[in-house]
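This document opens with one chain alone, in C-alpha cells, the form predicted alone.
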Amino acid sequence: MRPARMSKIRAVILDEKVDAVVRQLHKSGLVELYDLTTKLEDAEWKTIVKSSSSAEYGRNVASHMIKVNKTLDLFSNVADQEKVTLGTMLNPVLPTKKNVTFESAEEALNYVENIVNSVESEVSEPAARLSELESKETALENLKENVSYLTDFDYDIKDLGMGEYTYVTAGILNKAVFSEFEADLDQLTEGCISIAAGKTFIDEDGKTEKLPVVIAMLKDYAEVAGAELRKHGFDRFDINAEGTPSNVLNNTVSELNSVKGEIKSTVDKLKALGKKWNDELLVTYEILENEKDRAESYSSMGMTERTYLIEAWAPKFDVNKAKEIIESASEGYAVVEIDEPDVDESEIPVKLNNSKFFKPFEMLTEMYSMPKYNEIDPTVLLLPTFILFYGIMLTDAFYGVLLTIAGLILQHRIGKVSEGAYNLGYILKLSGIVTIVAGILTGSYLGDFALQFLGFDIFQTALALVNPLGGSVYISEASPLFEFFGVSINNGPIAILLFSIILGIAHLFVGMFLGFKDTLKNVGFLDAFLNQGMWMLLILAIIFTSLTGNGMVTVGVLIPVMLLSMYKGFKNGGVLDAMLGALDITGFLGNVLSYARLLALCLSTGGLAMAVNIMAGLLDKSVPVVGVILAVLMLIGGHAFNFSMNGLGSFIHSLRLHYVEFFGQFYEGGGKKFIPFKAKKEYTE
C-alpha cells in the first residue's frame, strides 16, 4: 500500500559509449534521469565534473522537426475533414506502427533526411504554387468587392489616384454623414471639387446605410482633404486596374474563377501527396521527438574529458535490469553503482505500484494528489468503497446496466487510443455492476416502472429487500428490522440511513487507523492519540453502546475527548484555540453525517424516476391519439436525464466522501510523480 521503493543509479560511462547507453535506457523506460545541474554547482563537484549540454545533433533534430511539422500542417489543411460520427468515436482507428530501429543518432538523422528530401522534392513546388495562388485569390476577392460598389459609375479606374492637376479617389461613406461631408469638403476646397454618390446599400451589420462615393478635386487640396476624409470615416479603396468598373468586375470574376480552379487542382495534388506521405511523416516526427529527448538528456549529466556521469531513479524491482542495460550497452566501459535515496523525501519521485485490478483507480488518486514517497497509497482502499458508494447512490438496476455498457464501450473502444478513457471505462464498469446489485436489492428498475405501467408492485413480493421510498416485505411497520436506541427500523429510508451512517463510521475508522499508524511511527504516541486515537476510542464507545444499550460508556468517553480536544488546541495555539478545540466534536459529527448523502442521492434517483413514470402515465391517459408517443418520449428523455444527472452526481459525491472525509484522516499527498525517460511509441515500434 505504499509507492514503489526507489533506488538511485549512478554510472560513469566512456564518452564513446554514452549514446548507446542513452538510447537503450530511453527504449526501456525503466528510469527517470536525475538532473545533476544543481549538484554540479557545488565547488567540490566542480573540481571533478563539469556540466554537460545538450548533444550537438539536437540542432539538426530541431531543424528537421520544423520542416516536418510545416508539411504535416499543410497536409492537414488540404485534407478533407472527416465526419465525426458516433461510429467513428466508438471505433477509433489505431495508427499503423512502423518498425524502425537505429543504432545511433547519425543513423536516425540519415533516415529522416532521406524522407524529408523525398517529400520536399515532390511537395515544395505545388506548396509554393498554392501559396502564390491563395495570395492572388485574396487580392482578387478584395478587388472584386471594392469594384462591385462602383459599377454605377462610368469612368476608367486607372484615373483614380494623383494626376498632373487632379486627385481622384473612391470609397465608402456612412450615408448619415454624407451631406455634412459634402459641405465640409466643398468649403475646404473652395468649390473646386466634384463628389458623386452611388446607390445606397446596407452594411454587413444589417443596420447601417452606406454610399459608394467618387471624389475628384484639385491636386493642391489633396493633403488637407485627406484629414477631412478620415474625420468623416471615409473608407478609401486601393484599386490598381484599368477600365470601367463593370469591365474590371467582369474581368476580375473571370480571373478569380480561373485561379480557384487552379487552386482546386493544386489542392487535389497535395491531397494525393498527403495520402502518400502523411503516415511516413508522422513516423518521422516521432523519431525526431525521441531523438530530441535523447539529445536534451545530455544536459542533465555531468562530464569529464572522456566520460559522462549519469544519475537516475529506478524502482527497486527494475534497478538491476537498468544496471544490466547500462553495462551491456556500454560494452563494459561503464562503472555502475546502486544506492539508497540520498536526497530529501520530497525530491524522490513517486511511482504507484498497484496490481492490474486496482491500477485504473490510480487515476482517482492522482486527481487528488500523488502520495508522498513514504505515505500510504490509498488506491487499493479507494476501489471497493468508491464503487459501493456509487452503487448505493445511483441504485437502479436498469441504470446500472446502462452504466456497465457505457463503461465497457469506453474501456474497450475509446480506451484503445486513450489511457484515460480506458481507466474511466473500467471504473464505470465496476460501478455499474454494483449499481445493478443495489438496484436489485432495492427493487428499482427504472424507478417504479413496473408498478406504474404493469401494475406489479415488487415490494409486495420477496424480490426486493428494501424499499428506498417506503416499506417492503422484509422491512415495514408490520415487520420492523429491529429497534435502535428506541427507534424502530421499520421502513426503507430509515434502514438505508442507518446503513449509511454505519458504513460511514466504519470508513472513517479505517482512515483514522491508518492515520494513527503513520503518526505513531513518524511523530509519537501523544500526537497519534490526539489526532486519531481519541476519535477511534469514541467510535468504539458508540459501537459498544449500540450493542449493549449502555449510553454511559459513550458519555464517559465523550467528555474526556472534548477535554483532550481543548488540550490539543491549547497546545497548538493557546486559550482561544483551546476553546475552538471543544468544537472539534461537531466536526467529527459532521464527517459522520456526511455519509447520509448516500440516502439522499438514493432517494433522489428513485424519486425522479418515479416522477418521470407518473408524468409519462398522465400523458398516456390524458392526451388522445398521440398520448402513447408522448409518454414514450417522456420515458426516454426523462430517464436519460435522470441517469445522466444522478450518474454524474453519484460520481462526484462518491469522490467527495473519499477526498474530504476519508483522505482527511490520514492522507496529505503532494508527492512528485515518477516520469520515466521513455521513447514515444505511437507510430513506431
Partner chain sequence: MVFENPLLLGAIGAGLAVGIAGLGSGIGAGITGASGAGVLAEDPKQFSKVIVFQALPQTQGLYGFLVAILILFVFKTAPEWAMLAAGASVGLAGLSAIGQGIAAAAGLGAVSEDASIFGRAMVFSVLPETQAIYGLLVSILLLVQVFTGPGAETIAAIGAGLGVGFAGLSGIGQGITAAGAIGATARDTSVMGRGLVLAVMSETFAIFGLLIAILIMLGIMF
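Numbering follows the first chain given and starts at 1. Keep in mind the model is a prediction, meaning the values are calculated, not measured.
Omitted here: the form predicted together with its partner chain. The next part is about that form.
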Report the stretch among 608 to 616, 148 to 156, 504 to 512, 542 to 550 that approaches its partner chain in the predicted bound form to within 4.5 Å, counting heavy atoms only.
608 to 616
Considering non-hydrogen atoms and a 4.5 Å limit, does its partner chain approach S594 in the predicted bound form?
yes
Determine whether any heavy atom of L563 comes within 4.5 Å of a heavy atom of its partner chain in the predicted bound form, and answer yes or no.
no
is_contact(T85, its partner chain) in the predicted bound form, heavy atom dist at most 4.5 Å
no
Should Y659 be classed as touching its partner chain in the predicted bound form when contacts are defined as heavy atoms within 4.5 Å?
yes
Looking at A176, L526, V487, L463, which is the one with a non-hydrogen atom within 4.5 Å of its partner chain in the predicted bound form?
V487
Just to confirm, with a 4.5 Å cut-off on non-hydrogen atoms, which of A640, L648, I48, V626 contacts its partner chain in the predicted bound form?
L648
Could you list which residues of 359 to 379 come within 4.5 Å of its partner chain in the predicted bound form, counting heavy atoms only?
E366, M367, Y368
